[in-house]
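A lone chain, given as structure tokens: the form predicted alone.
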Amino acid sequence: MSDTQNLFAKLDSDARKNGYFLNPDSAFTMELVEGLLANEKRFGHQACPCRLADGNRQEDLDIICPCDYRDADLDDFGACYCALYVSKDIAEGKAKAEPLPDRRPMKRDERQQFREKKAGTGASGLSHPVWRCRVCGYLAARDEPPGVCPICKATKDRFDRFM
């Protein structure tokens, strides 16, 4: 099996296991998977192939696939920005993925504000902070985020302080 086929199989398995669907257009989807692999080789992380990556992991955290905008895009438009992830209707051929606006803030300081807003800063009264995995939503109440998410295997830097 090629690297592209292996990554596709992993993405498809993870998507199905977590209630998501990949785009049924196999040629299109394989091109996106190749783009993820190219970005991983170029930058060391799988930045969205349809966005301009900075190359700095910290600056690109919000667009590492699956990106922070995936769920909102699926809810609002039935597909993520690059259309790798699609709604059930699109996956079953009942609807088509349409172009959609990029909700990623343009400037670095806007992205930082987005991260801070998402992480929250209010006092929760809990004995430990709560960390949320940006990829799967897993929550962990502890002093530091886990090194690796036990659910989706995302790395520590994919966690935001939730409470």
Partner chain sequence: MKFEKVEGVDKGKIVLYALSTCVWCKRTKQFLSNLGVKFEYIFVDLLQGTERDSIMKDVEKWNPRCSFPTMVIGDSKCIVGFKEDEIREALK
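Residue numbers count along the first chain shown, from 1. The term rigid core refers to the most C-alpha atoms you can superpose between the two forms while keeping them within 1.5 Å. Bear in mind that the values here come from a model prediction, so they are computed numbers and not experimental data.
One more form of this protein, predicted in complex with the partner chain, exists but is not displayed; see below.
Engineer: R51, P99 and D102 - do all three of these have some heavy atom no more than 4.5 Å from the partner chain in the predicted bound form?
Structural biologist: Per the other structure, all of R51, P99 and D102 touch the partner chain.
Engineer: May I ask you to check whether L32 falls inside a 4.5 Å heavy atom distance of the partner chain in the predicted bound form?
Structural biologist: Looking in the predicted bound form, residue contacts with the partner chain include L32, since a heavy atom lies within 4.5 Å.
Engineer: Does the partner chain get within 4.5 angstroms of any non-hydrogen atom of Q46 in the predicted bound form?
Structural biologist: Looking in the predicted bound form, residue contacts with the partner chain do not include Q46, since no heavy atom lies within 4.5 Å.
Engineer: With the cut-off set at 4.5 Å between non-hydrogen atoms, does A83 touch the partner chain in the predicted bound form?
Structural biologist: Yes, A83 lies within 4.5 Å of the partner chain in the predicted bound form.
Engineer: At 4.5 Å between heavy atoms, is R42 in contact with the partner chain in the predicted bound form?
Structural biologist: Contact with the partner chain, yes.
Engineer: If the two forms are fitted on the core, does K107 show a Cα displacement reaching 2 angstroms between this form and the one not shown?
Structural biologist: Shift of 2 Å or more: yes.
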